[in-house]
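First comes one chain, alone, set out as structure tokens in the form predicted alone.
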Amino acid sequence: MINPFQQTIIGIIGGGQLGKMMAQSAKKQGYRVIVLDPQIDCPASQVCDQHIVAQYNDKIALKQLSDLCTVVTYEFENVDCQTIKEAIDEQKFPQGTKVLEISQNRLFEKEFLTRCHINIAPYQAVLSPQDLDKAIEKVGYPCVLKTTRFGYDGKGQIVLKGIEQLHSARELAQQSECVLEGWVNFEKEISLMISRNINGECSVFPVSENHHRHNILHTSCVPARLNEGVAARAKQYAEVIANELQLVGTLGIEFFVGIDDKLYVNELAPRPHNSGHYSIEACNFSQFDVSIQAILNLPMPNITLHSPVVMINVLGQHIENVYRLKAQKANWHFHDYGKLESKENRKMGHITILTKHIDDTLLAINNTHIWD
């Protein structure tokens, strides 16, 4: 007898840690997985059934992936939309390219959110260095200049507190089209994961409270320590955005919570998100589980949080001490992404800690002195 699960093959463009965890979820559910990634020993290659070693814009390789798979998805947004349209069978790519095209460009993203009547920081397009002074005049100091494309973890952006940063900002504007954002006086940074299938059914995850260091996510605490009204509005915003996008798959939405409890959307990520990793241990379904269910148009579950939780990122400079920490923390969940090369500020893994008291757990993390 043929196993129907084994006849379903999930193709994943990208083989980093998100692709690895997505593949692990698909395998747990009984499906086969093929990954396309240029790195021979990328993290996802360690857990998949087949690895196509090719660049993300290799049309021949993408067509091969499409021919071999039941459905194709992606683990990060910086893939080439035009090549995907040309190489992958539209019926096998239910996510489409609309969400990608919007989220790949910060200017398109802000225009979309404005059309949805979603609060965002004031902004001005800076398409050339000549636009910068006029944009600053309108937005005012302090402000943040960001490239419209390919920025992440603080890369491709400059905070302008005054004219002292103008030279660096002009250099960035010379290199790339940018957007200038007004500074939001925020009390907290939060995020929320939502997954939606082709039929429009959604799974909405609890709100995560996030703390960053040097523009890289450091910890996520769930449930977020904020009033219920703010959390409810974040979920409403998420559902509006997902439905307006006709989302298929998973979307991470980052918010600022203003000092007046006003919510501002900061960024959209059209795939599983670092701040949703807690869901692997803390929820009845992980963000990776529902990503797979969404692209296969399976019914979407209601998400339940089993326990309060803290997730902390492990960067390259933390690896050795975290390895020693494993001998002391039997109840902490250690995730190693399997990257061959460890670099400073490179995400190498994460730790998930189920807890009854978030503040006590944050203190326990601080007491290790690994993340000082």
Ligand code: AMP
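None of these values were measured; they are calculated from a predicted model. All residue numbers refer to positions in the sequence shown, first residue = 1.
As for the form predicted in complex with the named molecule, it is not shown, yet the points below apply to it.
Comment: the named molecule is not present in this chain, but in the model of the complex one of 293, 105, 157, 124 has a heavy atom within 4.5 Å of it, namely 157. A heavy atom within 4.5 Å of the named molecule in the model of the complex is found for exactly one of 135, 230, 144, 79: 144. Residues within 4.5 angstroms of the named molecule in the model of the complex, judged by any non-hydrogen atom, belong to 251-259 and to none of the other stretches in 251-259, 298-306, 167-175, 200-208.
Heavy atoms of residue 183 reach within 4.5 Å of the named molecule in the model of the complex, making it an interface residue.
The shortest heavy atom separation between residue 274 and the named molecule in the model of the complex exceeds 4.5 Å. Contact annotation: residue 92 falls outside 4.5 Å of the named molecule in the model of the complex, judged by heavy atom distances. Proximity of residue 97 to the named molecule in the model of the complex falls outside the 4.5 Å heavy atom cutoff.
Heavy atoms closer than or equal to 4.5 Å to the named molecule in the model of the complex belong, across 266-292, to the residues 266, 267, ordered by sequence position.
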